[in-house]
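Take a look at this single chain in structure tokens; it is the form predicted alone.
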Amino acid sequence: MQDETTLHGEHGTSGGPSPVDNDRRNFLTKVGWGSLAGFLAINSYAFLRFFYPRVLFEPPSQFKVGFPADYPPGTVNSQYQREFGTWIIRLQDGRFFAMESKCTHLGCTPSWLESQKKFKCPCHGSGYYISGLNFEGPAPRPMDRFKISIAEDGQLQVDKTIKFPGIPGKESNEVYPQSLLKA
């Protein structure tokens, strides 16, 4: 008959698992529970986030831009260009119009060059007269206009929901007389 230690190895069966086995088992148990807790935490966050809508805050589509007397004849006002994407233009004859500050070629923002009395797109060189009519560069059509009117309090009001798109080769003053405001 053989000795008990030779049949069951050095530790025997009654001694239980070795300390190395206990350390590994404890580690794997902690990793398993930690993974489960992380999984539940991420899914709980995603579930709760679902109840809070993602809202895109945009500037209002109708806004007031001051009184007609604030605009001298023959000027382009860039005050509302950054916030509303709009220029307020008063022609020499006193009529107003609101023009979208976006090039009709690729949507860049042209600059008003006061010394040359024209809008010039810095990206591809499109040029526009004060009326928005394109005359140089790759722009396919004149710049678009928005409706402008006088509000109840006497201020100019721009409504970006009503748009007058530029028509290639046509002067917007003639095509859209309703885009002009006499004040």
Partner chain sequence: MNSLYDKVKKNLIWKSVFRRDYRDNARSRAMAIFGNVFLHLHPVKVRESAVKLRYTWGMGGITFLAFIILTITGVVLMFYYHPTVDLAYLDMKDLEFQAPYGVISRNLHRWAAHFMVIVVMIHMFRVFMTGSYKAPRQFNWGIGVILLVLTFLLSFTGYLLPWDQLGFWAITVGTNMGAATPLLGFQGPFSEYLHITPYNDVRFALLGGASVGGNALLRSYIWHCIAIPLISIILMFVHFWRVRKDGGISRPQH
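Numbering follows the first chain given and starts at 1. Between two forms, the rigid core is defined as the largest C-alpha subset superposing within 1.5 Å. Nothing here was measured: the structure is a model prediction, and the numbers come from that model.
Beyond the structure shown, there is the form predicted together with the partner chain, which is absent from this document and is the topic of what follows.
- Contact with the partner chain in the predicted bound form, defined as a heavy atom within 4.5 Å, is made by all three of Pro53, Leu56 and Gly107.
- For Cys123, a non-hydrogen atom is located within 4.5 Å of the partner chain in the predicted bound form, even though that partner is not displayed.
- Among heavy atoms of Arg95, none comes within 4.5 Å of the partner chain in the predicted bound form.
- Partner contacts here mean any heavy atom within 4.5 Å of the partner chain in the predicted bound form, and among 128-136, 149-157, 24-32, 44-52 they occur only in 44-52.
- Once the cores line up, the CA of Lys117 ends up less than 2 angstroms apart between the shown form and the other one.
- Once both forms are overlaid on the rigid core, the distance between the two CA positions of Leu48 between the shown form and the other one is 2 angstroms or more.
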